[in-house]
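Taking the form predicted alone, here's one chain by itself in structure tokens.
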């Protein structure tokens, strides 16, 4: 895999090592950008968009798959048309000695689209998609509340999903800097991290609460 990447390097951008040996260069990033727009694009069209030969496009694409940079291909659906018009975030506080039970119960809930272990006031965030508000109420009060591992919950309904990207790439930040060459040169950008602005509010700081004991074990299982 390393030989494939080195033989086809194009451009002078920084490369990043992934997986077991493939190095991502500018061409790999361009391929991933194109696939983000259309995952079903043909190899010929992909090669034309990226500006390389068809053989090189095919070789690089297969290398990205084999190395695990591209994990899988899937369809993105319209959840409203599929009958799941309500999306909610449920923040959960877990009893610290019962993480395994929490994970086991969560796996039995088909409404759960995503779950992440978090820092802060709560231990985990669950995203669910259901047909109506009543379904969220039932899930929280009848199901989550009856799990001994769950100590408390807080529910937030999503009113509008303003921005949702399939994935982001390091090259996105480079493009942003190209569009705005003056970014980072202004007065506020030159202010050292932690310097006060308009009072006693320090810049570059946020409230951070460390993960409680037991979260690491759950993270390994998820």
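On a predicted model such as this, the values are computed, not experimentally measured, just so you know. Residue numbers count along the first chain shown, from 1.
There is another form of this protein, the form predicted in complex with the DNA, and it is not shown here; the text below is about that form.
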The one option of 43, 169, 66, 34 with any heavy atom within 4.5 Å of the DNA in the model of the complex is 43
Looking in the model of the complex, any heavy atom of residue 153 within 4.5 Å of the DNA? no
Counting only non-hydrogen atoms and a 4.5 angstroms cut-off, does residue 38 reach the DNA in the model of the complex? no
With the partner left out here, check for me: in the model of the complex, does some heavy atom of residue 30 sit within 4.5 Å of the DNA? no
Distance check, residue 159 to the DNA in the model of the complex, heavy atom within 4.5 Å: no
